[in-house]
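The chain below stands alone, shown as structure tokens; this is the form predicted alone.
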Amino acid sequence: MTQATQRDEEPHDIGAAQQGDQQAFARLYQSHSGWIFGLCWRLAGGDRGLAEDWSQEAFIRAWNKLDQFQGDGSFAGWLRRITVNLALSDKRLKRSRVHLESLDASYEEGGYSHELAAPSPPWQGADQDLERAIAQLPERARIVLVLHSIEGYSHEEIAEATQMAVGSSKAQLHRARKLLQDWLNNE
């Protein structure tokens, strides 16, 4: 099936899935799962397992909330919002848990450190260097870069989703671009 045919069939599949048709939802999943995984992979900083978990959870939430999709905007945009909200919410929860765990570990062990290996993107070729560089950005800078430059969010939308000031969003985007430029020019 061509992409044009898939787009033409999408409204029918959405309606059928809203009526409980699992095969229609499976077609929607097939049509959107690749780019949703890419979004999750970037937001997760190259953590493939976390990206897979978020992708799966995003589609579970979409299935459970499908009756809330009114068709006012695009299905892809609605699915993108579910995915971004899920990832950012999960990051906030994990940040709280990691902070508490690191306090416990520091107290018990007299301090600790760990290093993460550079993530390996699921893509091959020239895009791999860029994807690896994006994955290595500091978390806030990476999130702003992905949401603004790749997903097309405005700074106001990013500020609302991430609970940061608009100025901070702009500063993080500038930081991300500068770091990427420096890293890619030095390779």
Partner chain sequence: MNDHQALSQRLQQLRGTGSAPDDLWQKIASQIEAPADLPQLPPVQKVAGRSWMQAWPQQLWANAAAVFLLLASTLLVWQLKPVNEGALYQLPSSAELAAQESRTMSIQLETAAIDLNYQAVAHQWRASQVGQQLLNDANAESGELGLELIQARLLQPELALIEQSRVQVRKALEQQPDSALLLRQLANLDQWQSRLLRDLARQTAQA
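Positions refer to the first chain, counted from 1. Being a predicted model, the structure only gives us computed values, none of them experimental.
The next section is about a form of this same protein that is not shown, the form predicted together with the partner chain.
Colleague: Just to be sure I understand the contacts: of Ala135, Leu50, Ala161, Ala26, which is the one whose heavy atoms reach within 4.5 angstroms of the partner chain in the model of the complex?
Modeller: Spelling it out, the residue with a heavy atom inside the cut-off is Ala26.
Colleague: Indicate whether Trp63 is a 4.5 Å heavy atom neighbour of the partner chain in the model of the complex.
Modeller: Trp63: yes, in contact with the partner chain in the model of the complex.
Colleague: Gln19 versus the partner chain, in the model of the complex: is there a non-hydrogen atom within 4.5 Å?
Modeller: It does not: once the partner chain is placed as it appears in the model of the complex, Gln19 has no heavy atom within 4.5 Å of it.
Colleague: How about Arg42 - does it come within 4.5 Å of the partner chain in the model of the complex, if we only consider non-hydrogen atoms?
Modeller: Output for Arg42 is yes: heavy atoms within 4.5 Å of the partner chain.
Colleague: Contact between Trp35 and the partner chain in the model of the complex at 4.5 Å, heavy atoms?
Modeller: The answer is yes: Trp35 has a heavy atom within 4.5 Å of the partner chain.
Colleague: Scan 146-184 and write down, in order along the chain, each residue with a heavy atom lying within 4.5 Å of the partner chain in the model of the complex.
Modeller: If the 4.5 Å heavy-atom criterion is applied to the partner chain in the model of the complex, 146-184 yields Ser149, Ile150, Glu151, Gly152, Arg177, Leu180, Gln181, Leu184.
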